[in-house]
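Shown next as structure tokens: one chain only, the form predicted on its own.
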């Protein structure tokens, strides 16, 4: 049996189980608000499903957390003062397939830092960056810019089209016709005028007036309809929808679910964010940035901030059960694998764990006045198919870090979701020199659908590599097999998407299928305010202003 340390004190305002990104943000925000926080993790590393891991650890984590490798914690007997609800391990991954045909070219495993939930990026001006500045997390992490973004076109000789996301990029574009350049410039001008009008209404402290450039009716209509009324051709609409507004689902085909359709007001917000991100930081020429050493650094940065504010951290510490007061049927604490019992007013749990449904759980929800929308267990709301590949050559010989968008129907006619591929090089300390890492992901309704999309994108990328590097080794130019491109190494897997939920017991959301962190951050802020309704989430400080000036 492991020799676990004793934890002192035994009572806290908040206990957090798991060091995933939402859990780490909640721990940091709570510690900043003056709460006593104990942060536990059964793993020996930070980040959980948001981790960046060495190559061999990445493979073992996927396999040990897949449905075919169920893990159950040790169960210790309950005490007389509490009901004991044993935690159940919740495996989020399935259909894991790892291919390692050319391991001799990879080098040491610890030279890799692979994201479990890639591809993920941050817009330079998005709310996550602002929260990092306010919290001080930027003191513990460094970023580099993404060199370029491309849209994949299934036809034509040049299958990758550079995204013209600024005035200068539009003028320099060799793909757009003069008419298309004028149309795109006119559209961006319309959007900019609308944004300026809204800012003027807000800064004048008057009630927000109706925007003159874009009407309220237009703001509520589908974004694709608004783009069509502006006379934009299909290739420009595709760029705006999928490479700037980052739509996940096909916007041009009637959809079964209305919540998949982006409204004009939301599309405008995304365009505004993209525009504000351009040129914000000196080390990023474009709108997107990525953390050096991988996105797992985000969790660690917030954990460091929490520790500075007094939070207590204990890794390699499994929690086996929740303690429920017999009289009130309310949560009151946790039992560790060591047998020690700890107590807190609130509990935050990683989506790695669930509490089996029981009459006791129902009693907890009844006591808290909980509705059917809130549960101690997160509900599966969809799937995201992911792939990680390692190659010896870059898709663009002169660039290391780039993003490729495969819009709906660009890979095959039945493709209804966007596929995103992020290539990163050794300059970001995620792989050895001379190698590149490719992260690919897509939303899907079924495993077969997701894997078909991944294989199609991987084969398209392999074809791009072989075309652009015909002078390279035979291995790169002959890299298509029945199950996808034969890269040096690849992993394909499917991850469940689970929503966060809250009561006294808070369950955090899983990594989502979006490119950025906005949805995850919105959910995390909501969970924080449901725990501490009157507390500000990372209040402004003088240190935060200094941190932004240092960027």
Partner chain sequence: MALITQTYLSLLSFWSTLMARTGNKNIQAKLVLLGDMGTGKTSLVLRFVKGQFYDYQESTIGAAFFTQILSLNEATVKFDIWDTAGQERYHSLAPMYYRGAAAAVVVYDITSMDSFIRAKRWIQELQRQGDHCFLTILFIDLLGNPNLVMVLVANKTDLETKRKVETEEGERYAQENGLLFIESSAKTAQNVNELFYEIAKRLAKACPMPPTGIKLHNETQGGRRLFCCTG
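Positions refer to the first chain, counted from 1. Note that the structure is predicted; figures quoted are calculated from it, not measured.
Omitted here: the form predicted together with the partner chain. The next part is about that form.
In short, of 386 to 394, 219 to 227, 88 to 96, 107 to 115 it is 107 to 115 that has heavy atoms within 4.5 Å of the partner chain in the model of the complex.
With respect to the partner chain in the model of the complex, the three residues 60, 382 and 451 uniformly fall beyond 4.5 angstroms at the level of their nearest heavy atom. Although the partner is absent here, residue 8 lies within 4.5 Å of the partner chain in the model of the complex, judged by heavy atoms. For the chain shown alone, residue 231 is not a contact residue for the partner chain in the model of the complex, no non-hydrogen atom being within 4.5 angstroms. Although the partner is absent here, residue 354 is not a contact residue: none of its heavy atoms lies within 4.5 angstroms of the partner chain in the model of the complex. The closest non-hydrogen atom of residue 162 lies beyond 4.5 Å of the partner chain in the model of the complex. Here is the short version: of 263, 144, 153, 181, the single residue with a heavy atom within 4.5 Å of the partner chain in the model of the complex is 144. Residue 280 is the only one of 409, 280, 326, 269 with a heavy atom lying within 4.5 Å of the partner chain in the model of the complex. Counting a residue when any of its non-hydrogen atoms is within 4.5 Å of the partner chain in the model of the complex, the hits in 117 to 143 run 129, 133, 138, 139, 140, 141, 142, 143.
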